[in-house]
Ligand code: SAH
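Here you get one chain, nothing else, as structure tokens; it is the form predicted alone.
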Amino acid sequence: MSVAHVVLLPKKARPFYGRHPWVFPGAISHIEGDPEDGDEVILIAHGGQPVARGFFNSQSKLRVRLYSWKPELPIDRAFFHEKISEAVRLRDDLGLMDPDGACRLVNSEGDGLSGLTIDRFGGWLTVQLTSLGLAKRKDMIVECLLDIVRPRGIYLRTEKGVSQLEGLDLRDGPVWGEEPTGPVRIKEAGLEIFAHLTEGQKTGYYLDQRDNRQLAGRLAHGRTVLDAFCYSGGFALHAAKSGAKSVVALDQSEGALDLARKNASHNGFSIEFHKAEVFAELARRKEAGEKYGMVILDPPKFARHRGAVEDALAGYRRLQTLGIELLEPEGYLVICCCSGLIAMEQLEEIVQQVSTTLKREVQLLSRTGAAPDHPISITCRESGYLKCLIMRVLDKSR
């Protein structure tokens, strides 16, 4: 069967020769053939040269996702087997394949598989498919995982809003093997943590913050800690493990807090958890004159599309203001942003503006992203969504 050609406009091929995987409609001149959504297509430069091979989707703003820069070779089971094996070898090199541990096994563009996210929690895998082309090849991907990883079970998770954007018809549920009957226990840096793979946010636990949690935990020793948007308690647990004087954690989800309480109790920690609308609770505590030695702000994504960026920046500005106002002199502020549309420089600019207004001096100790099992493709740096700033905040009046 012949493969349709997607022909680019003049002077539009350069990013794709440079291995950028996203082809937007504005770069396309015309299509030769009649591909169905999810079909393989070959990307062709305006001069007629084949560039790459990918999957077509007329329903998506990413009209073609590119996977192979050998246009003559099909994107078949052998292709997926090699790409997933390559990804697993990296996690093995990082020392993250402990059977009782957890890690990001495939990180979408970072592992050359745009739209595929796989997390490993002990013997279970959670899979997210945000590409129609990959969703149509779900069984093929599962076959590769069974051969390479040999899990106890594989569970499909979907992301809010993506089904409509990509034309996907997927539902959360088991796709192979055993289904966890409750939270799965994993080990992380001396802690035992329960992750709910079948419900809650993302794929069950925020593995991307692993290294940031450990650094923040070390700085929490002997301090009073406020962890806002705590979800299942990751930052709070590491603070308690490192000897924080006290830890207060806030979230608006009762389900997340139930799991966080279970995690704290299982590890023998006394952490004070509160269900609250976080912005309002931070403002209330500030008005009450409360102060903390460390404030951790790890909110959910504020900007899901470009039209929401300005409101998101205003939200981060308000959040950072409250965080700094709640800090003791020489306290530590941890601010995280998982909105890929907001750059690290924008986040730092807000810190500068807020600290100037509040007359506080800020020392930037660490500016990081996700843990290394969340690699970023150097040709698609937009996929590096997570930003984490860890700062020491001084009283400028001195």
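The numbering used is simple: start at 1 and walk along the sequence shown. Note that the coordinates shown come from a computational prediction; the quantities given were computed from them, not determined experimentally.
Another form exists, predicted together with this ligand; not displayed. Remarks below refer to it.
- In the model of the complex, this ligand sits within 4.5 Å of a heavy atom of residue 230.
- Of the heavy atoms in residue 117, none are within 4.5 Å of this ligand in the model of the complex.
- In the model of the complex, residue 166 stays away from this ligand, with no heavy atom inside 4.5 Å.
- The closest non-hydrogen atom of residue 312 lies beyond 4.5 Å of this ligand in the model of the complex.
- Heavy atoms within 4.5 Å of this ligand in the model of the complex belong, among the stretches 233 to 241, 93 to 101, 284 to 292, 146 to 154, to residues of 233 to 241.
- Remark: all three candidate residues (206, 252 and 298) come within 4.5 Å of this ligand in the model of the complex, counting heavy atoms only.
- Site annotation in the model of the complex: the residue of 276, 140, 189, 73 reaching within 4.5 Å of this ligand with a heavy atom is 276.
- No residues of 160 to 174 lie near this ligand in the model of the complex, the criterion being any heavy atom within 4.5 Å.
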